[in-house]
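Only one chain comes next, encoded as structure tokens, the form predicted on its own.
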Amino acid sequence: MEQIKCQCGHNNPPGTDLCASCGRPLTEKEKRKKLADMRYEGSARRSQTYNKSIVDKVWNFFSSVKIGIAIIVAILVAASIGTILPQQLFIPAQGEEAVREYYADVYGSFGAVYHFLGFHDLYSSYWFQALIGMLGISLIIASLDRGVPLYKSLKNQRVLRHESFMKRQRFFGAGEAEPDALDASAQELENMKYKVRREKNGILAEKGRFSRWGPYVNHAGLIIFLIGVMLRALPGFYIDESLWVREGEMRAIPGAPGYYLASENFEVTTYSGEGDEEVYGEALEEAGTVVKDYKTDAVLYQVPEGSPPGATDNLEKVKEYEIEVNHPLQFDGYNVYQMDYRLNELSSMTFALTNKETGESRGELTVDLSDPQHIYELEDGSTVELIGYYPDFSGFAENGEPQTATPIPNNPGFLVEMTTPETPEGETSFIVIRETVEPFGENEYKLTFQSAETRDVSGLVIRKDVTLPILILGGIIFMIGVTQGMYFNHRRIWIQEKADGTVLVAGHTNKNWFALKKELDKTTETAGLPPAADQQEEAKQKEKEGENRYDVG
């Protein structure tokens, strides 16, 4: 596309509305306007000039403000839908298949669709991350499309402008002036903190140019913030995992490869002492026992360097720490918070293999509910084979198979086959607390509950956020842009003396016209310049007077 040559001889890029040198209107559309379009100084924008290649079409698509708003609306709608059902982080099921079944079982077909579309783990889903990426691309392209031509126009501002440019500013005045009016006006404008440039018989006074970059600083802050959000989807940048560890148990820390955590003891403190009763006596009587604090005596271990993956031999003790509410264990950028607990969880159950008729016991067996054995051998040669273990028995399926609601031993169920010298073929029983089912008829032997051991379980949350400094930086830059754009404005005043002695005065600002008018009036009064009128307000007044005459007629 050929450049546009102005009458002054200056060559302007295609799509330019106002000559960058003299300010004359270059297009028929711009010539018809009563006031000059100063939003981007009349400079050419790529999105409004080129539309042929694939690159042009992609550029034009993302540079559109409507597209940017549509993407923001899509993100907000998706985030709203993501709050209808709990996110995967807050449900008890573990594993992709278990999570899918959980949403389908608990919330029906809506839950199945919810999971299928990825709303169960919204902020990590590929399509949500794609929306975030599209928003970032839109911000970058829109900023470049408008910011680059604006920067070139502001950097190369001319002091002397064509009379048509001056007349098409919102504030404009023309007339005779006092002798040395230019010198006096320059001095007055400098006193008002304007940066004054003088060329021949003209003056350009300017201040607050940096405010024009407020929206672009906003965009830069948002882009940095979005980069931080997207980095959270990459492994190692953002960790937010839960860990339930029982007393006396050691478990690998999720999200922290090579680290293990052991719980030596868990302790709950309640408001029950005499001092507490004096202060909170009334509340305690009404609410009963109230938890004051809970903490875990933990030991952190690390796999030595050079050990094969998954090896737990010769673990190195890193530190011992009392994890308490609001006092996390910190190591290598990780924080382990005390968030929850379960008291008196079943840890083991002891049964006796007894004859139902005589009550004679052939021995006892203890089932470790966290790691049950497959076969238990008794002293007299009898065996108990654990065919199925259901930690939280919830009933039987349609095909008769036992089901478990969670992997936590809240209501253990056991499908066993008992073999004794009198019953070498074996007898099958299904055992839950206070109930025994014999699916293949009456048995001669049964497992009789003897005792159970419990232990407390500590609920911990492991967090690591490498992206937090990026998010904070983006937020700070965004607020700087907000301050630039809201509390400052770009003001310009042009004063030119024509050959016949007539002085032209024009003024423009991107906002706060009242303040500019006040400074213009002060300058014209002090320097003896012709007053500058608000052409937009005059046009509105004339239009209103015309309507009134029409109503009277």
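All figures in this text were calculated on a predicted structure; none of them were measured in a lab. One rule holds for the numbers: they count along the sequence shown, beginning at 1.
There is another form of the same protein, the form predicted in complex with protoporphyrin IX containing FE; it is not shown, and what comes next is about it.
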Discussion item. So if I measure heavy atom distances to protoporphyrin IX containing FE in the predicted bound form, which of the stretches 244-252, 476-484, 257-265, 330-338 falls within 4.5 Å?
Written reply: 476-484
Worksheet item: protoporphyrin IX containing FE isn't shown here, but in the predicted bound form which of 135, 189, 239, 416 has a heavy atom within 4.5 Å of it?
Response: 135
Response to the item:
protoporphyrin IX containing FE in the predicted bound form has a heavy atom of only one listed residue within 4.5 Å, and of 203, 298, 139, 367 that residue is 139
Discussion item. Would you classify residue 208 as touching protoporphyrin IX containing FE in the predicted bound form, given a 4.5 Å non-hydrogen atom cut-off?
Written reply: no
Fill in: Any non-hydrogen atom of residue 222 within 4.5 angstroms of protoporphyrin IX containing FE in the predicted bound form
yes
Worksheet item: Should residue 72 be counted as a contact of protoporphyrin IX containing FE in the predicted bound form, where contact means heavy atoms within 4.5 Å?
Response: yes
Worksheet item: Does any heavy atom of residue 27 come within 4.5 Å of a heavy atom of protoporphyrin IX containing FE in the predicted bound form?
Response: no
Response to the item:
Within 413-442, the residues having any heavy atom within 4.5 Å of protoporphyrin IX containing FE in the predicted bound form are none
